[in-house]
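First, one chain by itself in structure tokens, the form predicted on its own.
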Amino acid sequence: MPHSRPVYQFNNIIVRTPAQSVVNGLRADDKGDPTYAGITAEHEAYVKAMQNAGVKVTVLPALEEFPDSIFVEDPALVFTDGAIMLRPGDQTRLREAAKIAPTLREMFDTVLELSGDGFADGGDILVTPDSVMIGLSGRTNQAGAEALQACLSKLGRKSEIVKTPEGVLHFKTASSLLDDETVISTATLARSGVFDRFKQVIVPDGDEPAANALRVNDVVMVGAQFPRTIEMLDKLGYKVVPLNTAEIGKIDAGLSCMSLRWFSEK
């Protein structure tokens, strides 16, 4: 259902301190191991950018047992009116949802859980003004997507199941929302037609990871190592904040997955 405030208006986020084990994080392509110092620096810059964008940041402690636990968006989904516990599609991350659950129950009156045994990863979920798009991928299957739809319906939100292109880890690896009417995406995902109702900005060839941008209030955060995409967005009138993602990019991550974002009316 349409909401009066933009879906990219946030005043609260949850992040998690990177564990030393983050250097062993999952990766589909081996681009070499990241360094702990490098990831910590990128994470700290990310938190600062969020604070500068006007957001209150809740920082959770590191979980050494879970190398990928810095990516808090995958095991949960949050909105003004409630949170949904997800079930990440990689076995090593399954128990992360239980670790973040107490924080969610403290912060939200309504916390829903997926029924059944399907999988749904937060990296496959793109919230747009009229619908929550759930991308089927190697980490989100049909059963998980349908269970998520049932939870979203309880929160009064429309949703749709779409497909993530072959060879792309997450739906949001290849796309993000720039404003109420516009998405930025890779050429491959745009060709699938899933964004035909939106204005579309296509990242230049070679800049595909830059499609995982992040709109927070008045700014668009973009990987600093993609100057062509930054210049393009700048020319379109967006206020761009470049953030280094070179180290987290080695473990298949981007900007959106490092936080859970919502607007709290409390």
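Throughout, we count residues from 1 along the sequence that is shown. Computed from a predicted model, the values in this text were never measured in an experiment.
Just so you know, the form predicted together with citrulline (CIR) exists too; it's not on screen, but the next bit is about it.
Peer 1: Of the residues L243, A19, I14, I251, which one places a heavy atom within 4.5 Å of citrulline (CIR) in the predicted complex?
Peer 2: Partner contact (heavy atom, 4.5 Å) among the options: I251.
Peer 1: Scan A145, L169, I84, L189 and let me know which has any heavy atom within 4.5 Å of citrulline (CIR) in the predicted complex.
Peer 2: None of the others qualify; the residue that does is L169.
Peer 1: For D68, is any heavy atom within 4.5 Å of citrulline (CIR) in the predicted complex, or not?
Peer 2: Residue-level check for D68: yes, a contact with citrulline (CIR).
Peer 1: Looking in the predicted complex, any heavy atom of L63 within 4.5 Å of citrulline (CIR)?
Peer 2: L63 lies outside the contact set for citrulline (CIR).
Peer 1: Would G135 count as touching citrulline (CIR) in the predicted complex under a 4.5 Å heavy atom rule?
Peer 2: Flag for G135 set to no.
Peer 1: Any chance L26 has a heavy atom within 4.5 Å of citrulline (CIR) in the predicted complex?
Peer 2: Judged by the heavy-atom cut-off of 4.5 Å, L26 is in contact with citrulline (CIR) in the predicted complex.
Peer 1: Counting only heavy atoms and a 4.5 Å cutoff, which of 179-187, 69-77, 192-200, 104-112 contacts citrulline (CIR) in the predicted complex?
Peer 2: Only one stretch passes the 4.5 Å heavy-atom test: 69-77.
Peer 1: Within 113-133, which residues come within 4.5 Å of citrulline (CIR) in the predicted complex, counting heavy atoms only?
Peer 2: Result: G123 alone.
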